[in-house]
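What follows is a single chain, given as structure tokens, in the form predicted on its own.
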């Protein structure tokens, strides 16, 4: 594990601390320190008691030693109880806390990264780090294990070094005052201690290499079954989704899905059994090494005692401390091996968090205009998506007319939606520039620029909030304005039927009394949300795809009045918006594959391969040879009319 890996792991913990969870890290460190020191209290007490009994000490002395040990043990237990309480309080929610950090980054990230497969790969890696406590839980576990092992090793060294490198100054035999000979002289010399430490280090290194080797094999088994586990997660989504179950039942795919999921389960079970076998084998090897190391230490300590170098009580303290030290060293190596395994996840985390903001952040305020007189011009604009060499928009020059209704049509993949993304500055142009009132839009404050647009995307989402908040995108809802917006979208009658009105929850995710609205009703809510915002530019990307023809007509009529500045489009409403609150005329863009719905637009832009190949009204374009008439005639036969 290199320095960068260590820095990455500290970055994970640092972000967790800055998010307000520093007390969890502190509690984990306290637990580690206490657990590292605690075992040595009993070892030290046992050795001292044996020596005092052997020396004939009185009961008061023995009682004092016992009381001191019990006091130290009680203090450690109290600190441990307080620390573990603070640690466990947040431990169960570490995965959610980690996801909160990721989600905050996603909210602040340039939009183009959200469509980047590499970014999604990093998110998948972080969120599937192999533990129910997420990557933060993994790194915190490794920190706790490493710190506990380090404290334990330090305590063992403090206790044993004086016993390993010093002996009785007189050099006499412990039992019979005879010359111990060469063998005894060897155990008196520092060389014997150094040799023992080298043997222990060799055993620990073997244990570490074993742990690392088995860990890599287990990792391969884990990666091998990841594909099947992802497939099973996908199947669970199918089984639990009523929408997907409709397709499953109509096309009678139950047997197919059941067989494939059972095959995946068998493969996962097989790989899991192999992983468990490897884990058991690795554990057996490590325990064998640990037992052999313990035997070696006890023999060494007993021989030093036999030759008068340490007392019987010190034999217990020395041998037990060295065994615990070797065990702690093995645990330290295991924690380091785990950290090395986690390094790639931490690397993905840091790369994700350091994904920069490529978009130039302008500072100019957008001019506040009540008349919505904003001019937009595309000047030699070309665009290709990051990582692609293919241009989606090519040398586009266009000046938009203020207050006009503009329809954008064309085949799939012709650049229509990309044109809208560039206009809303979800992406910056590759070449050329887009100007608002003669100023490059990149120079404007981005948040202010975004306020100019109300958009209904074809892949819109309505969140599980109360209806009023879902339309207003805020907890502060102007209820009259929200009702007008819903009326413009064709939901006034539906709103009257709701027992809680604007306070009705959308969906049942958070409230049992919520209403499961239809897809068409949700699409109308998305349109109402765009109306409520009252922005000077309104963009509708396939706004009525889920609506029946009558609802489509109703929505377009109501929306047309709103765009024109004539109010809600709800003539039966007893409350009409005042002149002061009535919105000014807007510039509206409609993207639709239903060309009939675009006939009321005076200006139609026909896109093909990233270029505007035709422009004009419906009457003008349908009379000319070209793509628009080809598309119109292809659809008109299904409507029973060619005009």
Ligand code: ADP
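Positions refer to the first chain, counted from 1. As the structure is a prediction and not an experimental result, all values here were calculated from the model.
The discussion below concerns the form predicted in complex with this ligand, not included here.
- Of the candidate stretches 418-426, 532-540, 264-272, 510-518, only 418-426 has residues whose heavy atoms lie within 4.5 Å of this ligand in the model of the complex.
- Checked against this ligand in the model of the complex, the residues 414, 327, 98, 148 give one hit for a heavy atom within 4.5 Å, which is 414.
- Checking 203, 337, 392, 155 for any heavy atom within 4.5 Å of this ligand in the model of the complex turns up a single hit: 392.
- Not displayed here, this ligand is approached by residue 385 to within 4.5 Å at the level of heavy atoms in the model of the complex.
- Although the partner is absent here, residue 259 is not a contact residue: none of its heavy atoms lies within 4.5 angstroms of this ligand in the model of the complex.
- Among residues of the shown chain, residue 115 is one whose heavy atoms approach this ligand to within 4.5 Å in the model of the complex.
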